[in-house]
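One chain is shown next in structure tokens, namely the form predicted alone.
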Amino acid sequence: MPKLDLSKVPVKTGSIYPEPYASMMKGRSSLRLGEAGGLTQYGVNLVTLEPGALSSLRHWHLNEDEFVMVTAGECVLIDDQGEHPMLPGDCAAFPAGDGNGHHFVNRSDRIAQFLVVGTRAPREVATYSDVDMKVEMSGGKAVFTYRDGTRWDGPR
């Protein structure tokens, strides 16, 4: 595969989350590097967090492994064990099925970036740790429910 021209990789902004959570992702963007390179078995994304931005709601994956390496700036990993400062070169791994809800927050006054590498399972379930919501992904479609499986129609 030839070298990727990052200037030609579209910047993805926004979120698949329903409101009010979608608005909370302001200041987060990513480059879908794996997709741009034609990868189909795993995803590779370069995520950028503006100052004050969140990477996602705190979550964990049922079927997909996730690996993160900070490449620029600084951010804070927040998981079930607390807060962990992350600097360039610091890494974190989240095995599939481990219920350790996690996300990254940029509390600095500079841009932070990190590389995310993760499995692409044909069917995925992500559970959100701090809100009563989960998402099931299959065939490129996302279906949000409450944790008990009933249709999601807003925060409880």
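Don't overthink the numbering: it's just position in the shown sequence, from 1. Everything numeric here is computed off the predicted structure, so don't read it as measured data.
Below: the form predicted in complex with a further copy of the same chain, not depicted.
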### Message
Within 4.5 Å, heavy atoms only, one stretch in 111-119, 22-30, 50-58, 125-133 touches a further copy of the same chain in the model of the complex. Which?
### Response
111-119
### Message
Check for me: heavy atom within 4.5 Å of a further copy of the same chain in the model of the complex, for each of 6, 63 and 86, yes or no.
### Response
yes
### Query
Is there a heavy atom of residue 105 lying 4.5 Å or less from a heavy atom of a further copy of the same chain in the model of the complex?
no
### Task
Could you confirm whether residue 99 comes within 4.5 Å of a further copy of the same chain in the model of the complex, counting heavy atoms only?
no
### Message
Is residue 149 near a further copy of the same chain? Define near as a heavy atom within 4.5 Å, in the model of the complex.
### Response
no
### Task
Using a 4.5 Å heavy atom cut-off, state whether residue 154 contacts a further copy of the same chain in the model of the complex.
no
#### Entry: Sequence-ordered residues of 32-50 touching a further copy of the same chain in the model of the complex, heavy atom within 4.5 Å
33, 34, 37, 38, 39, 40, 41, 42, 44, 46
